[in-house]
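As a starting point, one isolated chain is supplied in structure tokens, in the form predicted alone.
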Amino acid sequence: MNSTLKESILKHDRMVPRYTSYPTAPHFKTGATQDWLRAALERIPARTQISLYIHVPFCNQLCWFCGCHTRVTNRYGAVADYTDWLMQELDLLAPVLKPKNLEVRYLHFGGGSPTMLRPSDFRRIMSRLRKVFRFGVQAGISIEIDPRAASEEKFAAYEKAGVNRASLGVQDFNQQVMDSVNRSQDYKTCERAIKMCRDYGIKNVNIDLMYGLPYQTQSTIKETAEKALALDPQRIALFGYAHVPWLKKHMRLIQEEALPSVEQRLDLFETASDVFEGVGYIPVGIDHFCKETDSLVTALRENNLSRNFQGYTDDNCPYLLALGASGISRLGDVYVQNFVHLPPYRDRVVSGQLPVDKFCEMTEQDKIRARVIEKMMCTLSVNPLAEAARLGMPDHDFAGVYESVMPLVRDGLSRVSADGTIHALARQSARLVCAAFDQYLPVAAEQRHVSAS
């Protein structure tokens, strides 16, 4: 990265959302009712394809960098109880959804750590899902893996359930870095978990890495990137650590003086990126690197790449149903979120009520801006006028947005073509461009979000 571009990024760097949805979750409203949710579910057409997300909010150990909705437990009884509550939530949804004969195109287990689930409980969940929904022959079934919790018995259950993609939480291979964030995990542990993936038929393996952690240097992250490549993953995600101790109190345990500066973060990202691209991995969006044969690369080239709460995906289903505490569903033009905390989630399902808490009904303005933001996040360029026309609103006025983007243009972070297409000239500037389209992002609320770098 040349010094002029780096200076421009540093000049404009600020706290902006990751834009896995628009409007973003902090702007959802409380007070969603049972009847409102059932009406939204009723509007799903029969026999349509949907995506499912199952949230498992438990871990054995708290990683100090974690921004997820999770809790630490050493008592499996808590996880078993939660599995029962998931079954009850499914039972509440079944009368509305089962008659529709919906086909699951994608299913993702996330967390926390879904590898907390014992094989018997994982099988229970899969069995119940298959009774409510129809799974297509080519259904994508993926799971997030904590390498430290991998076992032959669990992978045997994954194979039988048809799991065909796994994402391993690696973060870094440097011991000092990992110790500084309270995660005891080494290369051999990750190598063993990936071998189990392949031994049990999971050929699509993703590795999640993180930059911006304490004690990371260009030298250590280069070594980590090279070790990651030695494991031959299909995809690599290189996420920026978001240090938000005012939102996540456990982050106060991290030594702030050991965190890299914003300028150093840029160097860390560029160093790792150069390693991945140097051996032929294709950059996708702002933080993914994929083999040429990966479905995300195909989706990018065919202009079908999407972005949802799990990140980049080739999943274009208009209906994403999330189960479990904190799960966020997108049901056409509405978002709905379950209670984040376990007690109210439990109380609702045990009492026979859907555990819905927050919601957002997208306006016509939201729909246009959501499409434009998603396009920018996926392809690093977008013509907002063309996107508005595709949505049947060709007269939409984006004059204010173009004006907001001009400071980025003047400093070389963006370019506007004669036809109105806006280009992000650096991956770190894509979210800054998106923020220009975000009507819900007052400066006072920026502390909810994370640095664009």
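Model, not experiment: these values are computed from the prediction. In case it trips you up, residue 1 is the first one in the sequence shown, and so on.
One more form of this protein, predicted together with a small molecule, exists but is not displayed; see below.
- In the model of the complex, at least one heavy atom of residue 18 sits within 4.5 Å of a heavy atom of the small molecule.
- Taking the partner from the other structure, the small molecule in the model of the complex has a heavy atom within 4.5 Å of a heavy atom of residue 147.
- Among heavy atoms of residue 68, some come within 4.5 Å of the small molecule in the model of the complex.
- Proximity of residue 104 to the small molecule in the model of the complex falls outside the 4.5 Å heavy atom cutoff.
- In summary, the region of this chain contacting the small molecule in the model of the complex, judged by heavy atoms within 4.5 Å and restricted to 42 to 50, 59 to 67, 403 to 411, 384 to 392, corresponds to 59 to 67.
- A single residue from the set 324, 233, 112, 214 has any heavy atom within 4.5 angstroms of the small molecule in the model of the complex; that residue is 112.
- Between the small molecule and the residues 240, 311, 140, 260, the one pair within 4.5 Å by heavy atoms in the model of the complex involves 240.
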